[in-house]
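Below you will find one chain, with nothing else, as structure tokens; this is the form predicted alone, and questions on how it binds or moves follow later.
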């Protein structure tokens, strides 16, 4: 039996002559959580729309459980998956009637509808909300109602587009807990688009990093826009605030990404062959368990990751003056 929920081969999507998605190969395992991560315009929403069969590829193939979707009954396939948008539309009526919408559209009888509605509202922690009006809900509650509406259809796949983008911190925690439970209890394959790298790694079994419609080799962090300059035999990427030495693969470089793990942090300049060295001040500190994430203002704000041991031994904290050093070969160019 095929263990892949989805398999993508040579998939492209072109709008007005511009390629917005180009994925040679990608597999999504059944019963796993995937985070599609990347900045705005990276292709996350387009990917979800194509997996949910709302958009057709310009070229290439999508397979669902080993079946070529072009050769399958799309109406039947759509009943096995559902997409929850970033700003889900709810009718100006009760929560119960909103959750019932998909069931009524499929002709599910009243008794079964009631059972599923109660069941799914309980799953998202909204039992007792049946008679509440949808236009009185908070952003987090609105998302939970939309998820409950999706769950009443008993989908195999739940796709979510930035589900926590417009909700408060407490609602983020609640929504993430709901998604984990749905995956663990029912084996639902979950694919969520997010621009939050921490959320992607908190939730997902696997993270898909997208940039410019392509899958990036590593998570796109320290992403900067700018232009390439040449000084003698050195290529520099000018962000407008700092100039970073790079090894460009093409003259048409518009963005760079500096992996946080590639940056060495020190109290004094260090002797190294690395071409990039910047002084700065620690602006933010976040404890990540075995590691500590620092944000350093060195002209541009750069994220750096160090071990907890190094952080303590170096006595780093907000306001500490430091040097950041990294090789030009570690800079990813786009």
Partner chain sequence: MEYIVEGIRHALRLIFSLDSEIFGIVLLSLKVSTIAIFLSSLTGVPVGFFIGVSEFWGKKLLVTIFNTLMAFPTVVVGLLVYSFISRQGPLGPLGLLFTPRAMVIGQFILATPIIVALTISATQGIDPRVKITAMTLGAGPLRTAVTILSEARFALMAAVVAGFGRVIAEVGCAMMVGGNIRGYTRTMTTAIALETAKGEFAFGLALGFILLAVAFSVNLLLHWLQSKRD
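We call the rigid core whatever largest set of C-alpha positions still superposes within 1.5 Å between the two forms. Numbering follows the first chain given and starts at 1. Computed from a predicted model, the values in this text were never measured in an experiment.
Here the subject shifts to the form predicted in complex with its partner chain, a form of this protein not shown in this document.
Engineer: Can you confirm whether 227, 252 and 272, the three residues that make up this candidate site, all sit within 4.5 Å of its partner chain in the model of the complex, judged by heavy atoms?
Structural biologist: No, because 227, 252 and 272 lack any heavy atom that approaches its partner chain to within 4.5 Å in the model of the complex.
Engineer: Just checking whether residue 154 would be counted as a contact of its partner chain in the model of the complex - the rule being heavy atoms within 4.5 angstroms.
Structural biologist: Taking the distances in the model of the complex, the answer for residue 154 is no, it never comes within 4.5 Å of its partner chain.
Engineer: Contact between residue 93 and its partner chain in the model of the complex at 4.5 Å, heavy atoms?
Structural biologist: Although its partner chain is absent here, residue 93 would touch it in the model of the complex, with heavy atoms inside 4.5 Å.
Engineer: Just checking whether residue 239 would be counted as a contact of its partner chain in the model of the complex - the rule being heavy atoms within 4.5 angstroms.
Structural biologist: Residue 239: no contact with its partner chain in the model of the complex.
Engineer: Taking heavy atoms and a 4.5 Å cut-off, does residue 135 contact its partner chain in the model of the complex?
Structural biologist: The answer is yes: residue 135 has a heavy atom within 4.5 Å of its partner chain.
Engineer: Please pick, from 185, 169, 232, 75, the one residue with any non-hydrogen atom lying within 4.5 angstroms of its partner chain in the model of the complex.
Structural biologist: Contact check passes for 75.
Engineer: Tell me, which of 85, 197, 208, 117 has a heavy atom within 4.5 angstroms of its partner chain in the model of the complex?
Structural biologist: Residue within 4.5 Å of the partner: 85.
Engineer: Counting only non-hydrogen atoms, which stretch in 98 to 106, 186 to 194, 171 to 179, 256 to 264 is within 4.5 Å of its partner chain in the model of the complex?
Structural biologist: Selected range: 98 to 106.
Engineer: C-alpha of residue 186: shift of 2 angstroms or more between the shown form and the other one, rigid core aligned?
Structural biologist: Stays below the 2 Å threshold, so no.
Engineer: Has the Cα of residue 79 moved 2 Å or more between the shown form and the other one, judged after a core fit?
Structural biologist: No, the C-alpha position differs by under 2 Å between the shown form and the other one.
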